[in-house]
Ligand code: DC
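Presented as structure tokens, the chain that follows is alone, the form predicted alone.
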Amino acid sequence: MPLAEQLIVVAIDGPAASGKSSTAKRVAERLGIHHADSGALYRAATVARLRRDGSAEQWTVDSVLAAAERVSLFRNETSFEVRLDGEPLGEELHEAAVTALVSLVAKMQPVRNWVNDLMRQSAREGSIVVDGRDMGTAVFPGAKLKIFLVANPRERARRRLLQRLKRAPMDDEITAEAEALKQRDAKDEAQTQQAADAVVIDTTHLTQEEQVERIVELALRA
């Protein structure tokens, strides 16, 4: 039976800038099933709170949750799109102010519960590829296939800068970004746990297409 006609979950986890979302999107396309990005929900909640008050010192769990009530997941033909007040957020999700504060939001357990509930709801509508930091542990412990992507900090930094700058980054830029990622890893450590039965894929020396191919093969055999 085609995967699109089954109810299965492929969970892809890993640290920041490990390529989870872009890889998960391509895997879902190859498998003909939907994709949902949990990180986009945390970023959307951060955007919603920033629009009310840019001073994070005043943020509380209740205020973030109240702002997050304006966030929704919209199921389109191939994925679940994150919307705020019914409108797609696009590049605003990846603005520097959002990136700087999303770890703070993601540490709030009630916010994590809200995100996890939305992710589980999305999986009830059909087979899905999900990505985040605890998809294979807290959210979908029974997922058909669990993947944990890793890559060394410099390579993750190079990829992130290439995407952001639209040019080859300089060595000093990579060094600074790699240090920022190490600090982000430390902040996110509690939420970045590898499931005991996850398949670990080191993508440091893999192209995106190679990692996509490897996961697709695993999914078809699962």
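In this text, residue numbers run from 1 along the sequence as written. Just so it is clear, the structure is predicted and the values come from calculations on it, not from any experiment.
FYI, the form predicted together with 2'-deoxycytidine-5'-monophosphate (DC) isn't displayed, but the following is about it.
Colleague: Establish, in the predicted complex, whether 35, 122 and 126 all lie within 4.5 Å of 2'-deoxycytidine-5'-monophosphate (DC), using non-hydrogen atoms for the distance.
Modeller: Spot residues vs 2'-deoxycytidine-5'-monophosphate (DC): no contact at all.
Colleague: Report the residue, out of 78, 103, 72, 152, that has at least one non-hydrogen atom within 4.5 angstroms of 2'-deoxycytidine-5'-monophosphate (DC) in the predicted complex.
Modeller: Of the candidates 78, 103, 72, 152, 103 is the one lying within 4.5 Å of 2'-deoxycytidine-5'-monophosphate (DC) in the predicted complex.
Colleague: Among 175, 63, 194, 191, which has any heavy atom within 4.5 Å of 2'-deoxycytidine-5'-monophosphate (DC) in the predicted complex?
Modeller: None of the other options qualify; the answer is 191.
Colleague: Determine which one of 51-59, 22-30, 165-173, 35-43 lies within 4.5 Å of 2'-deoxycytidine-5'-monophosphate (DC) in the predicted complex, judging by heavy atom distances; exactly one does.
Modeller: Correct option: 35-43.
Colleague: Would you check, heavy atoms only and a 4.5 Å threshold, whether residue 159 touches 2'-deoxycytidine-5'-monophosphate (DC) in the predicted complex?
Modeller: No, residue 159 is distant from the partner.
Colleague: Any chance residue 135 has a heavy atom within 4.5 Å of 2'-deoxycytidine-5'-monophosphate (DC) in the predicted complex?
Modeller: Yes, residue 135 sits close enough to 2'-deoxycytidine-5'-monophosphate (DC) in the predicted complex that at least one of its heavy atoms falls within 4.5 Å.
Colleague: Could you list the residues in 198-222 that come within 4.5 Å of 2'-deoxycytidine-5'-monophosphate (DC) in the predicted complex, counting only heavy atoms and keeping sequence order?
Modeller: Sequence-ordered list is empty.
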